[in-house]
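Taking the form predicted alone, here's one chain by itself in structure tokens.
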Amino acid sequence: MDTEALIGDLTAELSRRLKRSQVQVPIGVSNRHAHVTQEHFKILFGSSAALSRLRDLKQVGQYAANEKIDIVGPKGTLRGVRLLGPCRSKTQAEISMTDAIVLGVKAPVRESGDLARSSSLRLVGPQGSVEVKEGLIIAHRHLHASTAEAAALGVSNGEVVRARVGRSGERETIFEAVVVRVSDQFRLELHLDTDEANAAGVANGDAAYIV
């Protein structure tokens, strides 16, 4: 590649990054939560129970349920962990690093659904308990976007970007290795766990910028 072409490519890339860095991306702070299969839900809450909606989440079709369970580890218990709906094909729980210390486990940092060789977990509900060989993870920070939103930001599915949060605040932070997830079922939102949000001093609805 000749020098002129290289300069042109670098200029275009810098222009793309500058443009997207001006777009406000809402932050969604993800507290510990669990997704369960229909079979496991019936064990935890009884054969006649049904997962009930508390409130809709920003991502299309997903909701916080009224039902809560406990997650039991070798050293401690996380009580009152909310279930998210609808039920899934595999049971999994997403926790923070601090939660993992409380439980006494070494949960891997993974994208949701990537459960192979993840930590085992025990869930306890009002009617029973279940033990899952693989399913406990610390969620990898990620950016949800619809196809149109991703195009406007100049990002693509699977791309790894950096996010600047807490701008002009006392704990302003740049998070590396943010995974982009694109789907027409998604709505623009940067998902951080409670440890990450607390470290940067941000809350639900605060603005992030993809840099």
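On a predicted model such as this, the values are computed, not experimentally measured, just so you know. Residue numbers run from 1 along the displayed sequence.
Heads up, the form predicted in complex with a further copy of the same chain isn't pictured, but that's what we're talking about next.
Trainee: Under a 4.5 angstroms heavy atom criterion, identify the one residue in 57, 43, 177, 49 near a further copy of the same chain in the predicted bound form.
Mentor: The option sitting close enough to the partner is 177.
Trainee: May I ask you to check whether residue 140 falls inside a 4.5 Å heavy atom distance of a further copy of the same chain in the predicted bound form?
Mentor: Although a further copy of the same chain is absent here, residue 140 would touch it in the predicted bound form, with heavy atoms inside 4.5 Å.
Trainee: How about residue 53 - does it come within 4.5 Å of a further copy of the same chain in the predicted bound form, if we only consider non-hydrogen atoms?
Mentor: The answer is no: residue 53 has no heavy atom within 4.5 Å of a further copy of the same chain.
Trainee: Just to confirm, residue 193 within 4.5 Å of a further copy of the same chain in the predicted bound form by heavy atoms?
Mentor: Yes.
Trainee: With the partner left out of view, is residue 198 within 4.5 angstroms of a further copy of the same chain in the predicted bound form by any non-hydrogen atom?
Mentor: Residue 198 belongs to the contact set for a further copy of the same chain.
Trainee: Where, among 180-188, 144-152, 166-174, 60-68, do residues come within 4.5 Å of a further copy of the same chain in the predicted bound form by heavy atom distance?
Mentor: The contacting stretch here is 166-174.
Trainee: Within 4.5 Å of a further copy of the same chain in the predicted bound form, counting any non-hydrogen atom, which residues from 82-109 show up?
Mentor: Those in contact are 97, 98, 101, 109.
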